[in-house]
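This document starts with one chain, in the form predicted alone, laid out as structure tokens.
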Amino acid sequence: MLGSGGLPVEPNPCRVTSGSDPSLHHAIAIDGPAASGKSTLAKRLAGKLGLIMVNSGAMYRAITWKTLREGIDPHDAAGVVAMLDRISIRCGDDGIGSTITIDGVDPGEQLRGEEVNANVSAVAAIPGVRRKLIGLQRGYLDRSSIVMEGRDIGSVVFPETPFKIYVDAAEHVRAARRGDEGQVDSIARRDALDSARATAPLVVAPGAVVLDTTDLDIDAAVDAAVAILRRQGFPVPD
């Protein structure tokens, strides 16, 4: 099967179909650069709407973590893709957010480690990695309506969804947020790598509304996102 942009998508081994009708499920796509606030916004928005929040970035971080544990150069595309063929990836949710294990191990806080931070953009740029994970990401919509955050959700994973928000903030604000999280990777470098990669670069997806969180606290950002979704036709409960 071909995804957006002609990228082949593998069948999803984690796909689980619930008793509900998948054709009635909605995907809310939350995209944006590093430290824009998209993860926190997606989590709060999912809680407000009673939906599952899927962190696509954690999936790429998990593959990066496994790549490093296996002693594979993150820039060795063939080596990383070969690894995917011999490991077991299991995705799911805990009723609130997405979960992922690799070979039965939940990497937990190791996904936010400095080494993973420094290498995740390289791993995420590998077409074979994206092909594998896009299939897993799309499988969540078979289970329920979701809020999914990442860098290519509205442009590649769910290009047909009408519910798209691109979250952004000034670079200095994003750098400060990154520092508050105890992470020291360069925001400018991440932006350049994510925007310039040949496969599924970071872009504002067609139909997405840009939400600038530079001067917004999380409550104001959630209110703004809810207003955007209402304008886009999402059935937000009163």
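From 1 onward, residues are counted along the sequence shown. Predicted model only: the values in this text are computed from it and were never measured.
The same protein also exists as the form predicted together with a small molecule; that form is not shown, yet it is the one meant from here on.
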With a 4.5 Å heavy atom cut-off, would you call Asp212 a contact of the small molecule in the predicted bound form?
no
Using the partner position in the predicted bound form, report whether Leu136 sits within 4.5 Å of the small molecule, counting heavy atoms only.
no
Look up in the predicted bound form whether Arg112 has a non-hydrogen atom within 4.5 angstroms of the small molecule, and give yes or no.
yes
Residue contact check: Arg151 to the small molecule in the predicted bound form, 4.5 Å heavy atom
yes
In terms of non-hydrogen atoms within 4.5 angstroms, which of the given stretches 65 to 73, 165 to 173, 51 to 59, 203 to 211 touches the small molecule in the predicted bound form?
51 to 59
Find the only residue in Cys91, Ile146, Val120, Val80 having a heavy atom within 4.5 Å of the small molecule in the predicted bound form.
Val120
Tell me, out of Arg177, His26, Arg44, Arg197, which residue has a non-hydrogen atom within 4.5 angstroms of the small molecule in the predicted bound form.
Arg197
